[in-house]
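Here we start with a single chain on its own, the form predicted alone, put down as structure tokens.
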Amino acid sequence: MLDTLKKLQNEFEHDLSNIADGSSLQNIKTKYLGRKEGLITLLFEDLKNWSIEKKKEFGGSLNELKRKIEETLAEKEKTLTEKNVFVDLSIPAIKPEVGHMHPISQLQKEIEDIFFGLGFDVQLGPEIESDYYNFEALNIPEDHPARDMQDTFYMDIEHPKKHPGKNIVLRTHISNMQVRYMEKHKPPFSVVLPGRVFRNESLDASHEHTYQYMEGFVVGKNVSYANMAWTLDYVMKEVFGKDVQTKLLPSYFPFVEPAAEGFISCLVCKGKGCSVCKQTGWVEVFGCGMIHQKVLAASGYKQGEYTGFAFGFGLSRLALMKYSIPDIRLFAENDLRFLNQF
């Protein structure tokens, strides 16, 4: 048996010297270690017919030969792989996919920069709010009919004692930050606040229940309606181009008086009238007004000492106009075919 093993080892070393490529290596591997017809495999199959003495005498040598053949072939395979690796440096590299900011976030940063250039501070506020800051401090008491205008998500949680008001809500606007901010700051100041707001509304091509919003306000001595009109006209022209026109029409919001709805000339039809602007040539994009003196008083200011204006607009609605998008739901569907256009 030792002669058989020695002969098998010599035969393997001879075959090993003739290996030139992966194909010949595989043939040698099959010849000696193949699952059915491999020479080493066959010897192990015959092992069950050996006597106990023969197994003790030659079994170790057979195992050692198998181990040596396996290790030698593995080392040979590694050598051939390294030798045959070829890198063509002229082939263009595969460009990895790199993420980028969402189009709403891009627009938000653009508008933040515009306001920053006007001297505005950029702040954030809580999305989970007490109804005091969301409603009552903004001149919207519990029985006020304006609450019916707000499709509010009320949260079924225990009310923290540190919060004024009776309920906890998901904020319906970022105006919740007006009194919060003014309680801690003394005029003059100008601040803009981006973030999410929540309305219990049905989804369609122009409405969402969760959307990105931006509000801002200015408070100081002798701040006027004309200051507000100029500021918002300037921002709209920076966002949509110098040719866009703006107009303010009287409206109603409990926390501002007088109040106005802001329109821009339709970018689709250039003011001539189309289905987007309902043939009017104008599209509503923001609300605004002079801060109500009751709101200033709720912030701890002496009534009549300061004046200010506030405004707010949906970033999704502005993005629809800026990028000519037909359906607001596209911004939330995370379809890369859509998002990669920006």
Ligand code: DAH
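Just count from 1 along the sequence shown to find any residue number. Because the structure is a prediction, the values reported are computed rather than measured.
Heads up, the form predicted in complex with this ligand isn't pictured, but that's what we're talking about next.
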Joint contact, Gln212, Arg317 and Phe338 to this ligand in the predicted bound form, by non-hydrogen atom at 4.5 Å: no
For the chain shown here without its partner, which stretch in 122 to 130, 234 to 242, 100 to 108, 174 to 182 has non-hydrogen atoms within 4.5 angstroms of this ligand in the predicted bound form? 174 to 182
So in the predicted bound form, does Tyr32 come within 4.5 Å of this ligand, heavy atom to heavy atom? no
At the 4.5 Å heavy atom threshold, is Tyr306 in contact with this ligand in the predicted bound form? no
Might Phe255 be said to contact this ligand in the predicted bound form, defining contact as any heavy atom within 4.5 Å? yes
Using a 4.5 angstroms cut-off on non-hydrogen atoms, would Ala310 count as touching this ligand in the predicted bound form? yes
